[in-house]
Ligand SMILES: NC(=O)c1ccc[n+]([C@@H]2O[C@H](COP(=O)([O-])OP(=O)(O)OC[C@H]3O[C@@H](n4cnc5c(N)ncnc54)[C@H](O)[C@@H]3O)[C@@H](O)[C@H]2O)c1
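Consider the single chain below, provided in structure tokens and representing the form predicted on its own.
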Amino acid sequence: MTSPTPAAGSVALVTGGTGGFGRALAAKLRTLDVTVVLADLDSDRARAVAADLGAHLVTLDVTDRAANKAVVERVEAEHGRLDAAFLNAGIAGKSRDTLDVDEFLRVVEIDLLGVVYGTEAALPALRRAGGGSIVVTASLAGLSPMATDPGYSVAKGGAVAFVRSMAPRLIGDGISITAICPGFADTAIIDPIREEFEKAGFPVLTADEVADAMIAAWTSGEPGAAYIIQPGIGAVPYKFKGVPSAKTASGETAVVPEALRPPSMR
């Protein structure tokens, strides 16, 4: 995946924008003359990060559907357009030995429904801009589920499926939606088990490596692709295995009914 430079003057929205990936992404985009709007929960830390980066900050709880729309409307009102939405907000579960259903649902609400709400909010603005890109921060856990965190695995797997199912619907609008699937990275999300990685000598990604892949996904990502990011291999598209096709009574491959095909494939 190559990484052409985004057009100068482009406007990008980053949810979870003051966390590890968001900070690294914002810093890189600022050097490319991209206007960056960071969306995150309100806190002194978030305000300090945005100020340090020279980025705009808006308050957003990604589980609030109406708030997602309001943030995008504010971005358009203040900056004239929206060219890219990085739906990056996410949390991991904490319970590792038992199934805590309340925690499970909270992770799914943020990591999956936050992506759905963010996409819904961004699409009208991207269409008004004549096209654009949505980049979803999924995870390697969305492709290879972790027994230690079923909520996170389900949410990230759902995010990947959402990206793959939405991509064909948006091609006609000039909008690309892709997912990035980082392995373990050097952010706060691994803090509870950071010592385990150090003891094992297990390499973790830097936030900068992930940010580079996010920018490449914006500028040159294949619609519907899920890019694995791992230390030592960079960003590579995951090759999904196909499923056996249905057969007609005569043994021929059955054709999917037209009503089930996206408009771009009819």
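Just so we're clear, the structure is a prediction, and the values are computed from it rather than from any experiment. For every residue, the number given is its place in the sequence shown, counted from 1.
Below, we turn to the form predicted in complex with this ligand, even though it does not appear here.
S.K.: Pick from 185, 154, 71, 166: which residue has any heavy atom within 4.5 angstroms of this ligand in the predicted complex?
M.R.: The residue in contact is 185.
S.K.: Using a 4.5 Å cut on heavy atoms, which of 82, 89, 121, 135 is close to this ligand in the predicted complex?
M.R.: Contact check passes for 89.
S.K.: Look at the candidate spot formed by 18, 139 and 190 and say whether this ligand comes within 4.5 Å of a heavy atom in all three of them in the predicted complex.
M.R.: Checked in the predicted complex: all three residues contact this ligand.
S.K.: My question is simply whether residue 41 lines the interface with this ligand in the predicted complex - judged by any non-hydrogen atom within 4.5 Å.
M.R.: So residue 41 counts as contacting this ligand.
S.K.: In the predicted complex, does residue 62 come within 4.5 Å of this ligand, counting heavy atoms only?
M.R.: Heavy-atom contact with this ligand at 4.5 Å: present for residue 62.
S.K.: Would you check, heavy atoms only and a 4.5 Å threshold, whether residue 175 touches this ligand in the predicted complex?
M.R.: Flag for residue 175 set to no.
S.K.: Indicate whether this ligand has at least one heavy atom within 4.5 Å of a heavy atom of residue 30 in the predicted complex.
M.R.: No - in the predicted complex, heavy atoms of residue 30 and this ligand never come within 4.5 Å of each other.
S.K.: Given that the partner is absent here, state which listed stretch (126-134, 157-165, 90-98, 73-81) has heavy atoms within 4.5 Å of this ligand in the predicted complex.
M.R.: Careful reading of the contacts points to 90-98.
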